[in-house]
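One chain follows as structure tokens, the form predicted on its own.
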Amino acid sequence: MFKVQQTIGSVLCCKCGVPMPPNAANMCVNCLRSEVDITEGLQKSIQIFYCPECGCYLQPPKTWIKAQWESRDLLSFCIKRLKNLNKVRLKNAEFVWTEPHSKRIKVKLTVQAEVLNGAVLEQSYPVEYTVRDNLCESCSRFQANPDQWVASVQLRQHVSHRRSFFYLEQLILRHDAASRAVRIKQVHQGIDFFFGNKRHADSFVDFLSKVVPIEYRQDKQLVSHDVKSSLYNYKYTYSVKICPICREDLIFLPSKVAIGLGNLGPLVVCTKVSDNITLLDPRTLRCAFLDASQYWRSGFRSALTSRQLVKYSVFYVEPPVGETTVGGQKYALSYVQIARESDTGNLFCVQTHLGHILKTGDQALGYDIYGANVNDDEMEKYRLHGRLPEAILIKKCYDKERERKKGKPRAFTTKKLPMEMDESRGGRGVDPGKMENEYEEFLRDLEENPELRFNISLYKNKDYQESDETASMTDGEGAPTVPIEELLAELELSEEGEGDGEDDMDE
């Protein structure tokens, strides 16, 4: 079918006589811009205040907003600072490059507005922001007195080790949760965090509640009072208590809790602690989850902890009779024949959830149920009636494999919070030797458990060099290690070695 092609006629501009498509003003774009300036009355320059200590910008009257250089948050902040921008329609906004040390931020705005006889004109213009350094209230208070704080968070866990705090420290570093803390102090059975603002302490406590089961109490103390203006100055203290249940602990559930979990256990193993507690019955592979509110209502404690683990030798492993996966971790139910390493003549057969990794001749760590001293009357009744197994295996032991790598650096390293030691008790609050051994156990747990290192950041160790012996151990039956693919290259910028930093980036 033949179609007539439609063409748009052109008219002459009433000013310069140039042919152009018709519009309501009968003027070309150049003549229209010479007649009308839609950016008249809009701000072309403005002054903003920046805190160099914490990297925040002042949103009048008293709000400080944290934003990175040339980020979307900074662009939104700059646009909101402009007045009379509602008279036009904003079409586009983008940064114009400036030297970072020039104290200038330039933004190119594209706006539209109706002009003569309803014609729509689009125009771009730059806005220059002059950055003035000005300390925010919390930073100025800290500069005057670094030890001055408004809110403190006292984090405690009443257990005999600090493995939970090592893991929590890595989570805090990963999410940059303690960046607003003015001081961090390591004390006996916990850590103290000091903040210059109550809102920062509130957000930190809220972060803790999302990663570990906690309960907390807030108290305040009056520091000063202005009678004329009725202003009160308080210091706030948050007493945060982490649940004493840790990973690999053996728990004898109270009867009410076991019934509420569908007659689970009552002898269960804690396999994971996050915002809830994961419990696994090693004899049936049934699992259950307890959130913080459910736990604190009962408040039970561990029957045996990782400090009471006993080494066993595995003499025979039967094929698995059942398998399950809990939170990405695989378990297989098997019957194994074991004996204590200190008494290899006394063999006994038990059920275990480690049938997928144990082999004949391996070593395992577990709990000696009948040889342990347990302060639990209900568990004692079960034990007297012979209703408990002789042992519960917890994990495979790699001590023999690790002896061959003793003294050699690991392929990974971790960062640490800038903490100061508590000297109020004469340095007796924290034992450095005990902490070093517990940190070594924490690093071994990271190597053995991929799920444990899923939410934390591990970095390449510059002192590590992979040898042929190490490669053969990782490929064979050696101790588990962290794959190189999971490690991050730590970027270090310095004026002396900028080339080294570029090499790290290439890696």
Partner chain sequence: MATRLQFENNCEVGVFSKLTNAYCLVAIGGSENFYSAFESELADVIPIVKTSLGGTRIIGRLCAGNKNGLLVPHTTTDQELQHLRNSLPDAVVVQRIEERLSALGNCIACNDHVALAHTDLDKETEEIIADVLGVEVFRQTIAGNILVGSYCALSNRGGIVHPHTSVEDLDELSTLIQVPLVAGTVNRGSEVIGAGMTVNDWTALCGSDTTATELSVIDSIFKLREAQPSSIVDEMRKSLIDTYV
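All values reported here derive from a predicted model rather than from experimental measurement. Superpose the two forms; the largest set of C-alphas matching within 1.5 Å is the rigid core. Numbering follows the first chain given and starts at 1.
This next part talks about the form predicted together with the partner chain, which is not shown.
Q: Is it true that 9, 12 and 25 each have at least one non-hydrogen atom within 4.5 Å of the partner chain in the model of the complex?
A: The answer is yes; 9, 12 and 25 each reach the partner chain.
Q: Using 4.5 Å between non-hydrogen atoms, is residue 16 touching the partner chain in the model of the complex?
A: Heavy-atom contact with the partner chain at 4.5 Å: present for residue 16.
Q: Residue 35 near the partner chain in the model of the complex, any heavy atom under 4.5 Å?
A: It does: once the partner chain is placed as it appears in the model of the complex, residue 35 has a heavy atom within 4.5 Å of it.
Q: In terms of non-hydrogen atoms within 4.5 angstroms, which of the given stretches 449-457, 50-58, 25-33, 435-443 touches the partner chain in the model of the complex?
A: Heavy-atom contact with the partner occurs in 25-33.
Q: Taking the rigid core as the superposition reference, indicate whether the CA of residue 451 shifts 2 angstroms or more between the shown form and the other one.
A: Shift at residue 451: below 2 Å after core fit.
Q: Can we say the CA of residue 35 moves by at least 2 Å between the shown form and the other one when the core is superposed?
A: Shift at residue 35: 2 Å or more after core fit.
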